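Next up is one chain by itself, shown in structure tokens, the form predicted alone.
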Amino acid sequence: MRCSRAKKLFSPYIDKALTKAETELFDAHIRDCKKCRTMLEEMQAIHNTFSSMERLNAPYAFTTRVMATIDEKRTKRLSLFPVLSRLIEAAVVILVIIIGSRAGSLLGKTFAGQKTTIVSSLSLDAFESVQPNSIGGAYIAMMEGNNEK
């Protein structure tokens, strides 16, 4: 048995809630593992201390008062907090949508004039024709001649 498994069995072992087979495996591990044996002894000492203490009785209707207080606090907390948090979430979402739509319309206006400038700058009409007696003109004339064949 591994120590991690043995540690999970400390409380059931002390409470005598293990099966006979589990108890035998646990006892074998405790005999061989000093660390687990020390931890078990400490837990048994704590258990013995608490079980030897005098039992105190709670005041009359103590449980009823505690449970009523818990229910009251839970009702106040549950009724107010989720409503406010949902309202804040909704307001943030609406704000993001408004900001996004305004930013989109502003960007659309900004780039609308630039779009025609960009398209016109890429047009072939913007380029000047090559002089026929230049090297570029001779190259174009040769290439046009090859394409006609």
Partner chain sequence: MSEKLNEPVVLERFKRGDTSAFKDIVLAYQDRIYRLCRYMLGDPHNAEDAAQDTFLKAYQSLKNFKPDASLYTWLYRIAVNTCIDYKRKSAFESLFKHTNNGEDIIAEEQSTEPSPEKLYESRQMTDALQKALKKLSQKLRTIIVMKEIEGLPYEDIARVLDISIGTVKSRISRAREELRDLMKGFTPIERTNHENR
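Residue numbers count along the first chain shown, from 1. Rigid core (definition): largest C-alpha set, two forms, superposition within 1.5 Å. Just so it is clear, the model here is predicted, and its values are computed rather than measured.
The form predicted in complex with the partner chain is left out here; the points below concern that form.
For this session: Answer for residue 67 alone: is it within 4.5 Å of the partner chain in the predicted complex, judged on heavy atom distances?
Result: Flag for residue 67 set to yes.
Exercise. How about residue 136: is it within 4.5 Å of the partner chain in the predicted complex, going by heavy atoms?
Worked result: Result no; residue 136 lies far from the partner chain in the predicted complex.
Exercise. Does at least one non-hydrogen atom of residue 23 fall within 4.5 angstroms of the partner chain in the predicted complex?
Worked result: Contact with the partner chain, no.
Exercise. Heavy atoms within 4.5 Å of the partner chain in the predicted complex: does residue 105 have any?
Worked result: No, no contact at 4.5 Å.
Exercise. Counting only non-hydrogen atoms, which stretch in 95-103, 24-32, 82-90, 45-53 is within 4.5 Å of the partner chain in the predicted complex?
Worked result: In the other structure, the partner sits against 45-53.
Problem set entry | Neighbours of the partner chain in the predicted complex among 8-30 [non-hydrogen atom within 4.5 angstroms] | Read in sequence order, the residues that approach the partner chain (within 4.5 Å, in the predicted complex) are 11, 12, 14, 15, 17.
Exercise. Would the C-alpha of residue 65 be classed as shifted by 2 Å or more between the shown form and the other one after rigid-core alignment?
Worked result: Where the cores coincide, residue 65 still shows a C-alpha shift between the shown form and the other one that is 2 Å or more.
For this session: Please say whether, between the shown form and the other one, the C-alpha of residue 45 moves by 2 Å or more once the core is aligned.
Result: No, shifts by less than 2 Å.
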